[in-house]
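Just one chain follows, in the form predicted alone, and it is written as structure tokens.
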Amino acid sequence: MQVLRYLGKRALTYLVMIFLTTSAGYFLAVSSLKPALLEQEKIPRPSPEQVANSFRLLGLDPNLNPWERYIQWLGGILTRWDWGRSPNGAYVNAEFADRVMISTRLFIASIILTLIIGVALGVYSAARQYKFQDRAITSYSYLVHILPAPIAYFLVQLGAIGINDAVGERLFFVTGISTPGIEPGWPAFVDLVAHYAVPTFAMTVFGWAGYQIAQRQYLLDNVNADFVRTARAKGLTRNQAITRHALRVSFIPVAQSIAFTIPAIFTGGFFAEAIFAWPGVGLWSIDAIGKQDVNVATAMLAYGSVIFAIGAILADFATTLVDPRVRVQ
């Protein structure tokens, strides 16, 4: 019960922050993005009156000031959960639901695998400091840590194409989310895995490097601490002392960094969506800015804020589990 109250208070705090961030973002978007100007550049060129009337019907009246548009937009959200419409007439709610499902399918496995593999390899390499395994794993992590995400994903894409050429058939798809006209059932499942494998592999093998480096360094900082030496003096082996005592303490800063890693993975996923042609929220956000779409840009800001808040709450909760000095008050 105490934990639920704690999480409730944290959620309320982040809810206020999300509201303030989203509101500020809307004012910035409505002041800087001018879709009506793009509409007037079409051929045949519409008159300003035609553009204004078309946008007024979509709830994007350019003749209203930013405050009036904000009240209109906020009222739609609070009363109908309606995030508005795009300049092309599409409803933001419907498009957002489809895009989020695609991005979630793309990212969820890589997020879990990145955390587990990165921390596990960090512990493994720290326990074998300066041995061949440690040097090989850490060198790889530093290499991929500085490699730009688009280049890394492109290399994986080339590798998948090479495997397909070597076996003489298409085992992996390097673009798209599914094959049109595929039969439902087992063929559809196999097709899904074939499309899912390459981007998930790319984001995982190039994503756990930061966790491995951080976990290794934090663990080595605690290996020679007084409480670890005391544990070894009581009869524990080095690996037992690391596993039972040093690991728990060294994981605290890693757990706290989860709040910043989850949004970062989604941000890095924008490149994955573009390279592997998955039409998720990343490509939608970039496309919205190019089309001067105020409502979509604001919805994506709110979505990013919610993702950050969820990560922050998970980090707070994880800290209370691994740090005996922290108690939920």
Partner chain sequence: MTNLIDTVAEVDEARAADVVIGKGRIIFRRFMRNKTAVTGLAIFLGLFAFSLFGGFLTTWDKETIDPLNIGMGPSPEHLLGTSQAGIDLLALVVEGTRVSIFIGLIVGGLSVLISAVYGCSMAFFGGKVDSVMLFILEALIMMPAILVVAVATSGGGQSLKELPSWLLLIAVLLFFSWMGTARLVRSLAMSLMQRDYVKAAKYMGVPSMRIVRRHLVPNIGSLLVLDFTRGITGAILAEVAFSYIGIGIKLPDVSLGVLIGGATWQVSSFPWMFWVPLTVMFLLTGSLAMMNDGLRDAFDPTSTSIGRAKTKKKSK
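Positions refer to the first chain, counted from 1. For clarity, every value in this text was computed on a predicted model and none was experimentally measured.
The same protein has a further form, the form predicted together with the partner chain, not shown here; the description that follows concerns it.
Residue contact with the partner chain in the predicted complex: Thr21 places a heavy atom within 4.5 Å of it. In the predicted complex, the partner chain stays beyond 4.5 Å of every heavy atom belonging to Asn53. In the predicted complex, at least one heavy atom of Phe308 sits within 4.5 Å of the partner chain. When contacts are judged by a 4.5 Å heavy atom cut-off, Ile151 counts as touching the partner chain in the predicted complex.
None of 104-112, 163-171, 142-150, 186-194 except one has non-hydrogen atoms within 4.5 angstroms of the partner chain in the predicted complex; the exception is 142-150. Proximity to the partner chain in the predicted complex holds for all of Thr13, Leu28 and Ser32, with the criterion being a heavy atom within 4.5 Å.
For the options Ala94, Ile182, Ile116, Leu158, the one in contact with the partner chain in the predicted complex, meaning a heavy atom within 4.5 Å, is Leu158.
Residues are counted as partner-facing when one of their heavy atoms sits within 4.5 Å of the partner chain in the predicted complex; in 274-306 these are Ala274, Ile275, Ser285, Ile286, Ile289, Gln292, Ala297, Met300, Leu301, Gly304, Ser305, in sequence order.
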